[in-house]
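One chain follows as structure tokens, the form predicted on its own.
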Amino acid sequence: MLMFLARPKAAMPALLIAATLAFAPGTAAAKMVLNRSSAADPDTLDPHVSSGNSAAIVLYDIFQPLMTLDDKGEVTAGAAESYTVSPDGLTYTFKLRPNLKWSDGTPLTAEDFVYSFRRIQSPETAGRYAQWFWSVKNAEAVNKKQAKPEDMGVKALDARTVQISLATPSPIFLEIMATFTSSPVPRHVVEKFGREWTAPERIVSNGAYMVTERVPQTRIKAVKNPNFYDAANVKIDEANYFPTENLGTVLNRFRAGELDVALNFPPDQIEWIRQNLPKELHIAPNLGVYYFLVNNTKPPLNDPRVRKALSMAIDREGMVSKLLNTGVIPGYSLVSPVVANYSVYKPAYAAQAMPARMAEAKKLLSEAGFGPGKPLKITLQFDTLEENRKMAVAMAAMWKPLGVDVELANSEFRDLTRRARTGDYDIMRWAYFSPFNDASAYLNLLRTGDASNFSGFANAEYDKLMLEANTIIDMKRRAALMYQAEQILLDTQAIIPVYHYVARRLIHTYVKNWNDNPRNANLTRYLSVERPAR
């Protein structure tokens, strides 16, 4: 219980004191500033390499793909002012807005997009979401070194026209074109500095904002990009993103006025917040799922019986009601239940009472060779967010009756990401927030050899079903195929879903034009701040 909430006396960091004095309303140098929290410090600001939700809003603010998201989180025209689609659905032609520029004033042309789409597929880039673009002709072959970059179905017809040819129709192609991964990157900077091109003193972008400062684990500062085509309608002059993993600190700083937007808060404070900050509280469905990555390649977790036993022993409903009483949905599926045109799959045990599930789980472990004389020993990795620590403790308690010996291992989010990518873990807490509203965004992550398949799950039938689903436009047929694929995934319990997120935000009432949406996409360019005078 955070007893200090009744009398907030949080000290304001010197950095923010200076910002408040410099940019307070009524001062000669008044600027409109927005201070927003983020869950963790992004591992990179390279839009082709970055993964996870921690960098998303920064990347959406500083880069702009051909398509983008509007103030309600819906797909709309971005760097392209218009597009056409051929009758067979295989050719998309995008017309860029006139006189586009990078933040350093260099002209931005169609060739920059051609270079960027090729870079996404380059094996050297090691892009996390390269597979999203595999409907583009020869994109997968380029990614797998089976074709040359220039063989991809992307070309510049002239300085303002980008043409993309698909191998198969894709009903979600425009959604993919609006993701931050689709952003162009500045070739003249990337090739000069290599992996170090995103350093604050070097980074060049094409969005409404440009990064000018980055203090690791402390702050990312971005200012309005004067070369952005719509800069005249961007009201906020400066945006600060503060990575804060301690949710008590987030709430304290929000109440002290240091944060205008808090992207999370301690779930055990929900009733206090409902009573004392009802106008600031925003809870809305989103496309996120909280689950446990399980190392399918590491004994004994390579045994489906072990994975299923661990999943069956989780009392999701009880845990959600006791630890997370904020509207989150107990989860048995990887795909979010709010995804359009899809009905999620649930394993049969989801309908069983916990005593029956525990008995079956013990039986499965016994069949796998574990019991009183030979306990199952696993390490559960989680990052430093207090909510995740509580979840890890709850997992250990639920698995203990099975005779499972759980070692809890806490690390920073960057280390967690490193472990996921290298397979250096047993089980770890993970989360995924889909950037587009389609079941394939979740299920493609588990395809064999996929760059984001950190679990090591590999199933030929699963891959076959997803390949077919990704190449047809009949939405009903697609849904049926993906349902079958999710059934394979969950019947072998390759990953262990726990719950589906809701957006849990605190937004000061002086932040205007904030619209809750399932993508959690509230781009700073659409917001304004009418902070009261102090």
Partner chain sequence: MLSYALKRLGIAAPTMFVVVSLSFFLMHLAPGGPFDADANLEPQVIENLKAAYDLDKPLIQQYAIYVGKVFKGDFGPSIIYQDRTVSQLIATGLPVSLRVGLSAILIAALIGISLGITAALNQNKPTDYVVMAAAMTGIAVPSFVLAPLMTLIFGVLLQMLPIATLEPSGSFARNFPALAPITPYILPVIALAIPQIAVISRLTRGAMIEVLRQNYIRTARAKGLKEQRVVWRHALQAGLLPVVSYLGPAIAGIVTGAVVVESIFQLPGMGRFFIQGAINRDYPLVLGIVIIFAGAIIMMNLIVDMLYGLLDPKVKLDA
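Bear in mind that the values here come from a model prediction, so they are computed numbers and not experimental data. Positions refer to the first chain, counted from 1.
Just so you know, the form predicted in complex with the partner chain exists too; it's not on screen, but the next bit is about it.
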Residue contact check: Trp430 to the partner chain in the predicted bound form, 4.5 Å heavy atom: yes
Touches the partner chain in the predicted bound form: Lys362 (any heavy atom, 4.5 Å): no
Close approach of Asp41 to the partner chain in the predicted bound form, 4.5 Å, heavy atom: yes
4.5 angstroms heavy atom contact with the partner chain in the predicted bound form for Trp134: yes
Contact stretch among 398-406, 447-455, 78-86, 345-353 - heavy atom within 4.5 Å of the partner chain in the predicted bound form: 447-455
Candidate from Asn286, Thr198, Asn437, Ser116 lying within 4.5 Å of the partner chain in the predicted bound form - any heavy atom: Thr198
The unique member of Thr249, Thr212, Asn459, Ser366 whose heavy atoms fall within 4.5 Å of the partner chain in the predicted bound form: Thr249
Interface residues of 401-433 toward the partner chain, as seen in the predicted bound form [heavy atoms, 4.5 Å]: Glu412, Phe413, Arg414, Thr417, Arg421, Trp430, Tyr432
